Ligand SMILES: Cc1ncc(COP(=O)(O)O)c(C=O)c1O
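In structure tokens, one chain follows: the form predicted alone.
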């Protein structure tokens, strides 16, 4: 066991040490991988032989989202401390569903959730739960909003979100049984932020039409452009109309740890619920997201179920609920992994100041990148640097939008095949654009410049 474990740690350290020298993305066809991997047999295999296979043929065929030149989607620069936290949680096989099974892990989760609540400015009495990621955090927040504001399913209910909202919101609403006619898409302003005047008009129209507005979903850092909806103004509107305010901060909410991030997220502290992903801007390995709520009692109101009362095999745990937190009563999962340990260990070992500095560095690197792109006559900056995201496209000149869009798609494909870096495209105002997301703490401006130069070459067709 020790030899096996030591080799696994060596593989992880080798991965970290050599990451910058390797391709960002490698894809291999399924048929080729099946031929390499072979099949299951009745006979056991040598642990070293299996690790050889994993190292050579499994982990070599990935997109390294922790690579310092992975600028696509949202990077996942998970740290070594977090990986070791996950190893401990898995090695001890912690069941983190309730206090009876895991009081020590429960205390760690509560401390870490309280830290995040305080960082977001939520008041005493706030709380939350660690979940798999932003999709489940958004689903949990929306389910809580429905219970608190509606008491359950209501065919007349309406929820509001912007046309820049993440797809996980629409998916979560569909899972909860909302029809598309109950989801009102609110237009954005010129800066791709929810238009509060348009929101007010939509609420008035729906009330007049006999519908039941109950929730507004605001974005704290859209994945497309890093835009932050006017949170304070939305909160005022929600209070005036007695609506729940859910903030999808899966990407951006963690930036509140840094002064400039907190300023950009003005009004986050007024949310009724917040989704936040530590596996993004808090540099943790997948999976760890969390839902935070202004009033912890609302989670238990929404997810606590006691169909058999004292006849239940969980009755002993239920009696403990009067004294300690029973985590499965705050969310969907009964069986829960000990996700909090990796973040708790990372915050303790590195200190909060290190996270604050890393977040601030990402914000500044995107601003430096914007200046670099503006100074380069080959690019149009489509949206400015916002929470470490900047979008850009080939300068149109005499070429039309369709030609520019085709050049962007070609450049993405060629850069991915090149392997030096990875950048993906997105749609902004009907234009296909390139996008840098620069949250990796080891991203470097000189490598961003080289990536932009390669993209310009690929856009030109050379």
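Here the structure is a predicted model, which is why all the values come from computation and not from measurement. Positions refer to the first chain, counted from 1.
The form predicted in complex with this ligand exists for this protein as well; it is not shown, and the discussion that follows is about that form.
Could you tell me if all three of 146, 213 and 244 have a heavy atom no more than 4.5 Å from this ligand in the predicted bound form?
Looking in the predicted bound form, the three residues 146, 213 and 244 all stay beyond 4.5 Å of this ligand (heavy atoms).
Counting any non-hydrogen atom inside 4.5 Å, which residue from 250, 292, 388, 194 sits next to this ligand in the predicted bound form?
For this set of options, the contacting one is 250.
With this ligand left out of view, which of 302, 112, 237, 135 would have a heavy atom within 4.5 Å of it in the predicted bound form?
Only one option qualifies, and that one is 135.
Using heavy atoms and a 4.5 Å limit, would one call residue 330 a contact residue for this ligand in the predicted bound form?
No - in the predicted bound form, heavy atoms of residue 330 and this ligand never come within 4.5 Å of each other.
In the predicted bound form, does residue 128 come within 4.5 Å of this ligand, counting heavy atoms only?
It does not: once this ligand is placed as it appears in the predicted bound form, residue 128 has no heavy atom within 4.5 Å of it.
Does any part of residue 225 reach within 4.5 Å of this ligand in the predicted bound form? Heavy atoms only, please.
Result no; residue 225 lies far from this ligand in the predicted bound form.
So in the predicted bound form, does any heavy atom of residue 141 sit within 4.5 Å of this ligand?
Flag for residue 141 set to no.
Of these, 363-371, 279-287, 344-352, 102-110, which stretch puts a heavy atom within 4.5 angstroms of this ligand in the predicted bound form?
In the other structure, the partner sits against 279-287.
From first to last in sequence, which residues of 48-69 have any non-hydrogen atom within 4.5 angstroms of this ligand in the predicted bound form?
Contacts from 48-69: none.
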